Structures are given as structure tokens and as C-alpha cells.
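Coming up is one lone chain in C-alpha cells, specifically the form predicted on its own.
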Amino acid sequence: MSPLIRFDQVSVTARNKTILSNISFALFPGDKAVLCGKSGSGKSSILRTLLGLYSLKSGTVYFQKIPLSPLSVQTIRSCTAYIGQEPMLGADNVREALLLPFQFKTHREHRPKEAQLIEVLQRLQLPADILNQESRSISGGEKQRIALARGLLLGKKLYLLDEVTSALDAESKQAVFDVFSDPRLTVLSVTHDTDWMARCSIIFELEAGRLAQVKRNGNT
């Protein structure tokens, strides 16, 4: 099996400062991986680099064997759901937010029915009546799960998650764990949540922009 993602000796500079140095790792389909380390160690920078938001100083990022470039980055983004700590829903209410991507030609023929919206919300411990709530009135944890629901409705296979369990209670967190136990989904996440780390197969430890250690299934 070929890696879904591979960083090969990747270095990145932003604002005249090196933020990633010689990063190399591979992520295979179905892997659940965590990036951990102190603030400023480069965790979120790896996610942003994969999305083409930083230019490479040296090295290569591969997605399905294709090098990351201005031409290929749209392929990566079309397969990926990025969810941060405070996602922008981009619509006035939750129903409109979930259906927003389906207004575009690429997804128009796959617009989900009401029952599908309710089913995916229930999987994430969200009530059906949240569909009618204004986006500005819901909590950060609810926004994160709605963004996750949108990714699931779109059939995304790769999820880049930045502290998505930080605002969740135990029941909601368990629902997110259950969703991502699906072997068809690949996850690269940033977290300090030890419960989340315990459920992931790979832990990448970063120090000052360098990959200091890789742990697999609890073993170095």
C-alpha cells in the first residue's frame, strides 16, 4: 500500500523564520495520527503546509504520490476536510451551513436529504433542531461537530483536525472518537488531549520545527 501523504525532508520558512526543518514522515490510508509538542513547535504548520498555505523552502510533500504544487494543491483540498478550533460555518443558520458546499456544481448532484442531515448530526451527538439555529448562537464545540458533519456529508476521506476535542464534553468527545474509528477515514490531528492520543495509531512529537520522535501504538 502506498502512503496517502508523505513529507520528504520538508523545510518551510515564514516571515524570515524557519518553522519546519527536514520533516519526513508517511501517513497511510486509515491511519489516525497525532502531532504533539509545545506551542510553536510546528504542529499546525504541518497541516497548513499540506494545504498549500506555506511555500516549501526545500523537500517535497506528496499526496497519493503526486508532489504538492500550485497545480496539485486543489486535488488535496478537494479530498480534505480541515477543521480548526473555531470553524467558520459561512452561513446564517446550521442547515444552510451544512448545505453550503452543495450549491456548487461539483457537489450539486449529491445534495443530502433532510434525513441524511439529521442522521449525521445524531452520530455527533447533535439534536435535529439545531438545523434551525443561527450559526452565531451555537457554541464552539457545536461548530466543530457541524464542520465535521459537513465533511462527512461531502464524503471526505482525509481529516486535518486542530484541537477539535478541546471544547467537547465526554459524551460528545466519545461520539467524535466513534466516527473516526472508521478505517476508511485518515486523520492527521493536532491535540493535547490524552484520550484522543490513546486512540491514535501514530504520535509524531515535534520540537522547534523538527520531528523529534515517532511512536506507534504506544511504542517508540
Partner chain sequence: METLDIKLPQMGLLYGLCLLPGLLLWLIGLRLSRDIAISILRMSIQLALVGIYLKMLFNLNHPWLNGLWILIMLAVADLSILRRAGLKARYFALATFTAISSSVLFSTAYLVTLVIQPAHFYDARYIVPLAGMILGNCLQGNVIALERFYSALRKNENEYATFLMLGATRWEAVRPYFRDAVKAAINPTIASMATMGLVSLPGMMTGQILGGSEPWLAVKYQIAIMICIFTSTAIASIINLKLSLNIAFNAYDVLKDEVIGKS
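Numbering follows the first chain given and starts at 1. Predicted, not measured: the structure shown is a model, and the values here were computed from it.
There is another form of the same protein, the form predicted in complex with its partner chain; it is not shown, and what comes next is about it.
Undergrad: Check whether Leu154 has any heavy atom within 4.5 Å of a heavy atom of its partner chain in the predicted complex, and answer yes or no.
TA: Yes - in the predicted complex, heavy atoms of Leu154 and its partner chain come within 4.5 Å of each other.
Undergrad: Check Gly140 for me: does it contact its partner chain in the predicted complex (non-hydrogen atoms, 4.5 angstroms)?
TA: Judged by the heavy-atom cut-off of 4.5 Å, Gly140 is well away from its partner chain in the predicted complex.
Undergrad: Is Arg108 close enough to touch its partner chain in the predicted complex, meaning at least one heavy atom pair within 4.5 Å?
TA: Yes, Arg108 is a contact residue.
Undergrad: Using a 4.5 Å heavy atom cut-off, state whether Val73 contacts its partner chain in the predicted complex.
TA: Val73: contacts its partner chain in the predicted complex.
Undergrad: Look at the stretches 34-42, 51-59, 186-194, 167-175 and give the one with heavy atoms within 4.5 Å of its partner chain in the predicted complex.
TA: Result for this chain: 51-59.
Undergrad: Looking at Ser135, Gln125, Gln85, Thr80, which is the one with a non-hydrogen atom within 4.5 Å of its partner chain in the predicted complex?
TA: Contact residue from the list: Thr80.
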